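Consider the single chain below, provided in structure tokens and representing the form predicted alone.
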């Protein structure tokens, strides 16, 4: 069991804190440009022009930036939370999402701070851990810090060394941290 990454999103949907722990290496293959009708040089050049002119970066050519990954993580959390609310009503809530490769754990505060932890699939029930991170670390080192801004405009983020060190000291002895 292991922790892959930890995210905090503010009420404006901005990622204000991100930390990677042990993540599996991602192998991304470049797109193939060979056509299905034949591998002639002209066909490959025409496809290359279509890929370049299609706009945006080519798909699968490199790792995601932290901003892009934050948008994807928040998009998954936002969509699943809204789906659960619409299907089950306001009494139900979204706590975790599991795939064959990872499990995403979610905790939302009354002030709409969202704490997300991506772990191994074998990790169960870490909602109390996310609550302790909020109450014991975030409130103590970020909210009560007079030098820390109450809002984090433009994705400024939490820039607090004590919070980062406290998070490491809190998570390292846990059995889910390998």
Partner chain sequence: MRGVGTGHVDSSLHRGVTASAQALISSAVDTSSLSCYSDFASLLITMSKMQSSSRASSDKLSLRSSAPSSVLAPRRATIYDRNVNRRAPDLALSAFAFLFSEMVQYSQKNVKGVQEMENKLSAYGYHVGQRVLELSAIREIKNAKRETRVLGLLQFINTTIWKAIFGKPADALEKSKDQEDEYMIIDNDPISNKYISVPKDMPSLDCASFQAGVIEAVMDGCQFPARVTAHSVPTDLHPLKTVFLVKLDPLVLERERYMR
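It should be emphasised that the depicted structure is a prediction, and the values quoted were computed from it without experimental measurement. Positions refer to the first chain, counted from 1.
Not pictured, yet referred to below: the form predicted in complex with its partner chain.
In the predicted bound form, its partner chain sits within 4.5 Å of a heavy atom of residue 149. Contact between residue 144 and its partner chain in the predicted bound form is found at the 4.5 Å heavy atom cutoff. Looking at residue 67, you'd find every heavy atom of it more than 4.5 angstroms from its partner chain in the predicted bound form. Taking its partner chain as it sits in the predicted bound form, the stretch 94-112 never comes within 4.5 angstroms of it through any non-hydrogen atom.
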